[in-house]
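Read the single chain below, which is given as structure tokens and is the form predicted alone.
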């Protein structure tokens, strides 16, 4: 056998040896002692091996290593830095451990990552024993957002409501020394209740914006304050514990920002009845028995953060848990009603400002005229009928009007003007455009009886309002569509039925 054949034979023997050798075992270093290393390996096992001779490998906590499959001796560092484990959310930071949420279950894992805080996402090793890598907090549905400019003057028709809010929210910051003299602290929570579309969300944003101008000052890194808006149903999660974790995450983010830059943080929970219903009332499931206590615990934990205010908004305040609404948590309960005639006129002026109007229309007079048209008692939308006694009362359009509806009327009128300008070049919104817009909005709203809130029934029927509402829902009374529209061109009336 010549030299070339011997070389070829040796190479074949080496290849055969390589093919017959078992695969290496991958592991993750959990801890490093003076004599041993504790390592998590595949199959959810934890082993300890000798630390002798590992100094040159520069092994550290969280390192991915490879082991000899028979003796489990350390061969060296893995070429692959990170293991492909689960990504979880941090719920609590302990000494050298983390409590994390995975699939609705809380786990205690070791930590090898620096600067981890509650709400961060971390990746685990395949055995779910140690956190290996941190991911920065990402913008989620619960993220803080900077509030756009919403001065109080941009909200119309709610003078009394805004006056109450300013007294309860702004004055403790403006006249801090006076309030401290009497032992009064800023409110921790506010409930805004009333019919939908009447400005509860805008008020929440206005509170954040105007507070930032008063309390933030030069130390605030955010010019307009911070605002977390959550729709109640977004908190609900099918996994046990995730809803409670979401609430903790919301308040943890608010506390971090409040402590970091001193800017006021408003936590605004819309449709609050979706997550804070009365426990044990039969109108909620068992999930609320843990969500409500978690919310109460977070509210009670805000004692040291006077610049965090929770604002709840709902049109079903009657189903909220009483423990949520007690003083010391939600300190003030403020009604946001439907606008009056004068309020509707002011809202029209706000939405019409800057829009092109035909015939050099006077903005104040036009707004007043439009509000008067809406509040005409002849504009009956529904009759409440008792099959035996006849009509018990009726709902007019003024019982349905809201700031959102007024904006819709202005948008409809603007659309008529836009289409006309595209057809023949005539610019500006005419009076007829507004009349048509009011008629269209009125007819459309008449098809949705659910637009009536409990307060609307009380306004029409007084103490019997709730009784009549329940009787109508059960079919004992009839809510009859009986819309009457005053025709603008001849001053007469025209019946419209759907």
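Numbering follows the first chain given and starts at 1. All values reported here derive from a predicted model rather than from experimental measurement.
Keep in mind the form predicted together with a small molecule is missing from the figure; the text below concerns it.
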Report task. Considering only heavy atoms, tell me if residue 351 and the small molecule come within 4.5 Å of each other in the predicted complex. Result -> yes
Query raised in the report: Using heavy atoms and a 4.5 Å limit, would one call residue 415 a contact residue for the small molecule in the predicted complex?
Result: no
Query raised in the report: Quick one: does residue 158 come within 4.5 Å of the small molecule in the predicted complex, counting heavy atoms only?
Result: yes
**Report entry** the small molecule contact in the predicted complex: residue 197, any heavy atom under 4.5 Å
**Finding:** yes
Report summary line: Answer key, the small molecule contact in the predicted complex at 4.5 Å (heavy atoms) among 381, 131, 312, 347: the residue is 347
Query - the small molecule: the contacting residue among 185, 407, 332, 166 in the predicted complex [heavy atom, 4.5 Å] - result: 407
Query raised in the report: Can you say which of 173 to 181, 319 to 327, 424 to 432, 398 to 406 gets within 4.5 Å of the small molecule in the predicted complex, counting heavy atoms only?
Result: 398 to 406
